[in-house]
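One chain follows as structure tokens, the form predicted on its own.
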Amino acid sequence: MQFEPPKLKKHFLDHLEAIVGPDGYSVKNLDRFNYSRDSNFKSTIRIHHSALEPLPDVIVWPKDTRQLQALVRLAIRTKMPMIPFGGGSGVCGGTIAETGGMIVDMKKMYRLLKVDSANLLATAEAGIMGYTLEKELQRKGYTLGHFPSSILCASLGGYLAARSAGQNSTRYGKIEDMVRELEVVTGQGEIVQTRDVENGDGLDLNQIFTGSEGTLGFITRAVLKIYPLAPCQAFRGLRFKNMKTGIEAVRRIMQTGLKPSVVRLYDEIDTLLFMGYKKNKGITEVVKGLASPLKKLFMSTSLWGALSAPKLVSPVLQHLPTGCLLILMHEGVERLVREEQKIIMEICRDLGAEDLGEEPGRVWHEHRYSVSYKASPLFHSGAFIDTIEVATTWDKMEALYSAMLKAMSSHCLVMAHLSHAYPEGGSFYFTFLASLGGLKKSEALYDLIWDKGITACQETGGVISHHHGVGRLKKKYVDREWGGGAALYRRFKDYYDPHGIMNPGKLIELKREKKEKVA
């Protein structure tokens, strides 16, 4: 591959070295290439076909807030775009250097600074990896309660930037529910200290910066709500006849006021895949139970045949007699956990659920992070995969599921599960699979599937992101999503980033003159 050299002047590099030292930055092509993408699947399609995303000009590794502030002020003087980088686990293209510029890798700001046992608060720097933070907290007897699939390769700053949700969000909430105070270096080059207004009054700046995806400034540290480790965990698996009944069961569970840690409802295809955990025993039993014509089609259709004719195969797969699997995980004091389980089982039995015991829940818990690492073999086999996570209220849940399934399934294989549940509604997680067919054809198919899915979501009253953020992938839908809030955000953008250097090209479309880079 041929790389365009970075367009940087010597005096700029001299200033850079004076701030972070000779080992605190890199203009090497290998580093520029490695930092040119995140985990967005469209970028993976492109690199599979040897097509590059835009390369940053330089990568820097600040060690503290003062160094980062100096970097922002240098970028202001030289009109240098700045892009925050945590673990690179984002799937929406949020760390791609659309116009070149400076990737700011935060991983040298990685300390857990304080644990306040009396008030159940923890203070940590934004570059700390999620797994490291949780491990350190648990060593002291606490938990953040935040367990996204990306925990092994995502940073606290990334959590906050994208309004992340962990798999246990039903009990502990999302990251915006956990944040109490922030330290932010804004695009003005100033350091802002937010305050906790949960029990007081005033504008909650935490919620302005959380979810802003680096477009207003760099989050450098956070004070977070934490919890004592639960003394008891319990698991359960249940099977419902169909998604309609399963959705109704989850709604009833959540509106009783109970708070199981995990509530996950899988549709028929997702249930089929999950049931293969016993050396494919579950899949074999399902196939045996199919009516003869369906059995022949299932047995004779390879994955690639299915991907080449999704219109034919999808209706069959969506009516498999697997039922729909519900996974539950409970945490807390044992007596309360047992009572919670008892009430939930009564709700589910009233709706005809089959009790599968604790094993499905334990199997899910044991393998809960592995799904994120299953995509690579598919790319090497000639297919691409991605996920679309959306959310809606209970009155629209079934309609959203049906509409998105219908809109997407003509172009790919689609499966879904209700991954996060709350009293007001929940988040659906759609996984789609399609065949690669050359760069232009694959990109066009990828864009079409996304557009069909997101449009169907918005037309049924859903929201386009529950926990992955927006990045560049979904930004064209944000004006419709936010309504009048889009104009307010643009005011915040003008105030906190008056020079337009903070992560340009992300989160929302901006009509602003392109500034000539003079670095």
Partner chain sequence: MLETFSKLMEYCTYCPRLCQSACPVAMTEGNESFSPWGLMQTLNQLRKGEIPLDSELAALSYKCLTCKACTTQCEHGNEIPPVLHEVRKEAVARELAPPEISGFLNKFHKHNNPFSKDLLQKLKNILPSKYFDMNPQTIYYPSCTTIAKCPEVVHDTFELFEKLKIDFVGVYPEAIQCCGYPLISGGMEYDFIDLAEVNFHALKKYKTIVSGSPACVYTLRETYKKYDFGLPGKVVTINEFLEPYLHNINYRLKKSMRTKLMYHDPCYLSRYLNEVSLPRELIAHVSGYQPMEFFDHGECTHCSGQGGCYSITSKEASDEIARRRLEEVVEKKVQTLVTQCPSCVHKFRKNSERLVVKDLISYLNDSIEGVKE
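Not measured: the values here are computed from a predicted model. Positions refer to the first chain, counted from 1.
Heads up, the form predicted in complex with the partner chain isn't pictured, but that's what we're talking about next.
Although the partner is absent here, residue 442 sits far enough away that none of its heavy atoms falls within 4.5 Å of the partner chain in the predicted complex.
The partner chain is not drawn, but in the predicted complex it has a heavy atom within 4.5 Å of residue 85. In the predicted complex, no heavy atom of residue 235 sits within 4.5 Å of the partner chain. With a 4.5 Å cutoff on heavy atoms, residue 415 does not count as touching the partner chain in the predicted complex; it lies far away. Screening 350-358, 443-451, 368-376, 76-84 for residues having heavy atoms within 4.5 Å of the partner chain in the predicted complex returns a single hit, 368-376. For the options 138, 410, 402, 242, the one in contact with the partner chain in the predicted complex, meaning a heavy atom within 4.5 Å, is 138. In sequence order, 88, 105, 107, 108, 110, 111 are the residues of 88-115 having a heavy atom within 4.5 Å of the partner chain in the predicted complex; the partner itself is omitted from this view.
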